[in-house]
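Quick setup: one chain, the form predicted alone, written in structure tokens, and binding and motion questions come after.
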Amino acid sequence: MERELLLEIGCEELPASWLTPLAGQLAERLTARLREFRLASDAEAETHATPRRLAAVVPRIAERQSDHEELVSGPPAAAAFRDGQPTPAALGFARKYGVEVAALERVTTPKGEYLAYRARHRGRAAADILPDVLAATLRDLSFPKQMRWDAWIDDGRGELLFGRPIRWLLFLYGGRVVPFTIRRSPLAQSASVQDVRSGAVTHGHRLLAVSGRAGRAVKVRSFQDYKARLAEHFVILARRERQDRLVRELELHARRLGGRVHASAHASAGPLAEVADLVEYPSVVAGTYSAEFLQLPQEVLTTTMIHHQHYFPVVDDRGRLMPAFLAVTNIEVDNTRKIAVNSERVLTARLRDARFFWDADRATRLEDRLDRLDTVRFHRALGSYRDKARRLERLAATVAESLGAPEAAADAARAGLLAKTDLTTDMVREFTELQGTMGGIYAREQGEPDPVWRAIYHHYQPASIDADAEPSRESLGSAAAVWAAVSVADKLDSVVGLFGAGERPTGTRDPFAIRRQVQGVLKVLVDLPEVTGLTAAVDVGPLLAGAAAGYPDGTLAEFDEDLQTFVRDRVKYVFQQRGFRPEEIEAVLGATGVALAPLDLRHRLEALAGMRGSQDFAALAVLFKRVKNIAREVSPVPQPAYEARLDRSRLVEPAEQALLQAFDRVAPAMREAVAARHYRKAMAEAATLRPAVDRFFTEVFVMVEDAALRASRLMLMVSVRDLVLEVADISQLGGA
């Protein structure tokens, strides 16, 4: 018979950003441990997280472990018998497991033949095993920061670290409590701090209750009962349900104010996603602020409300901010006005500060702030942000020319010079989220050209590698090329400098976000036509060298080879995230002489992905492995250098002649298509070689004894190989 497993770990308040990852971890770790302890279920674990609890339910788990069979190796067979009689080694091994020597088996291993005993273990009752499962699961959960809270469990590993102190455990199997105890050290014990023992109770909202005291213990028997009782006690367990309730409440209050919720609330990283994990029972309160604050830039207002106060701005039908906001509380509100007044008081104080900063900062022009950048350190080994501004002025202009937009070089240089000056403003010191954004706004206020201020405004973007990541072509307008140059220059300067200074990312550490900055460069270059209208396929290598040239001699350590490898790995990651298969990426990166030019690689990948459905192309990919294997001793070159070594007079077999004719027909068309970056056409031409290559392998033996004939046939294979490699190494595609 199978029974339900229900687990709830009641904690002190967990940070909102932890909840979604923790719910995923709990499902993964619990499932893995159940499988390890042979209690695997065909039903998936369902997990939930609120600020005060992590919960999991597995609908069906067997009452007993599955039986287990284990083959235990003993002494070598050669040492187990002498003159046909068992030696003390064999007798001792058999005695250890309580069997006769005749019951032992002989098994052959890479090290030779050994005696072995096949031990069969009957599964134990699930109720006896589940405490071990929970102990291992608690150990498995990882947190951004762990706490020592004077707790330990009896699993032989001692102290239990956890993200927050655990206050209660609900642990039921088939409706019955599974005994489990988290011990507290004697020094931590008090009247209110005791061992945490599993039970059949959960706890409701810490402030709300239908009857009795808030947060009181509530007895439950099953998951359905658990959900229902929590709902009765003002805890909405499912995150989606909390979010849906929040959306309904926000829309209702916004309509009452005559507007709607600001669009940023619904963004994937917006306040809605975070606030739903800050509360167990969301309610909404509406507030207002003075209309005079609407003179501040919209970015300042929304940042103050969203990032600092977790409030939701309200806009009118035309998308303009209204002097109103919506605040979320964790209680069902009776006196909404009292809470609204307190929220308004806090927000007004923040906005007064922002207005003061706004007025004070505009009194100084951005170029007059350049000298102040000497007081802001970029990196201990790389100087100040004033040094970085000088490098960006030069590098942004160089990048603009590399992107095929020399007319944008002057504006790119100006934007690069001023891009970091807002780091010295009071507004950015207080509202660090507005770096770059305020620089662009201040540049606009002081009359900088549209391409310059927009490039500064957006130069920290893109923040992700998604194709639709901001900024869009519409938001950039005439500044698209200038922005691309400044954005790429800023990121390249940081990556090259930090990499050369020894700040290299590891699997668990990347404090300077070098991965994100490299990916930002690649995203700009991959989507260059869509975002800027430019079509240059820019090689990352020369851009890196150009960025390195901006540093004084001796500043950077040796980094070229490692950085190229790192960038290459990021290229693979970006394209995998775009949906291309790993073997497709390896194929285009394996093309002869291919540059690390993201846009060119994208065109090749799109063509390759589109051709995989072609039967001729798929068959050619399989045959191409044979071509490469035969020609493997001859290194490929980017041009048809081997064709001159073909002694065509020796290739008289019909299959040889057919392949030569196909090659002569396809090669010019393929090379013309490659030169024009029409890779789909080039691959379609390559696919037409398939019948001739197939016939060649069927009728011709390459490695004949005649040295001259063998050389000519080998050169024919080399020529076919190098021709196809000009597009992609399609042997990587397997069966295509």
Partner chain sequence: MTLQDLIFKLSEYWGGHGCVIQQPLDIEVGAGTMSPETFLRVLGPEPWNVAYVQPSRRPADGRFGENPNRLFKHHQFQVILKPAPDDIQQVYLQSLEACGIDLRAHDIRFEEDNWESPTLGAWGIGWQVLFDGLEITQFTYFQQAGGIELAPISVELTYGLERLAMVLQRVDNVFDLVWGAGVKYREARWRDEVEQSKYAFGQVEGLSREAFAAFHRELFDRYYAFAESLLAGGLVIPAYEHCLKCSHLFNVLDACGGIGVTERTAYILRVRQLAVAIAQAYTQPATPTAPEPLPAAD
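Each form is matched to the other, and the largest set of C-alpha atoms that superpose within 1.5 Å is called the rigid core. Owing to the predicted nature of the structure, the values given are computational and were not obtained by experimental measurement. Positions refer to the first chain, counted from 1.
There is another form of this protein, the form predicted in complex with its partner chain, and it is not shown here; the text below is about that form.
Across the options 305 to 313, 613 to 621, 290 to 298, 393 to 401, residues that bring heavy atoms within 4.5 Å of its partner chain in the predicted complex belong to 305 to 313. Under a 4.5 angstroms non-hydrogen atom cutoff, its partner chain in the predicted complex lacks Pro323 among its neighbouring residues. When contacts are judged by a 4.5 Å heavy atom cut-off, Thr506 does not count as touching its partner chain in the predicted complex. Contact between Tyr573 and its partner chain in the predicted complex is not found at the 4.5 Å heavy atom cutoff. At the 4.5 Å threshold, heavy atoms of Val652 stay clear of its partner chain in the predicted complex, well away from it. Out of the listed residues Asp225, Glu251, Asp353, Asp140, Asp353 is the one that sits within 4.5 Å of its partner chain in the predicted complex by at least one heavy atom. Listed residues Ala188, Ala77, Ala545, Ala136 were compared with its partner chain in the predicted complex; Ala188 is the one with a heavy atom within 4.5 Å. Each of Glu12, Asn330 and Glu430 comes within 4.5 Å of its partner chain in the predicted complex, counting any heavy atom. Using a 4.5 Å cut-off on any heavy atom, the residues of 331 to 356 that reach its partner chain in the predicted complex are, in sequence order, Ile331, Val333, Lys338, Ile339, Asn342, Ser343, Arg345, Val346, Ala349, Arg352, Asp353.
Core-superposed comparison between this form and the one not shown: the Cα of Trp168 travels 2 Å or more. A displacement of 2 angstroms or greater separates the C-alpha positions of Asp195 between this form and the one not shown, with the rigid core held in common.
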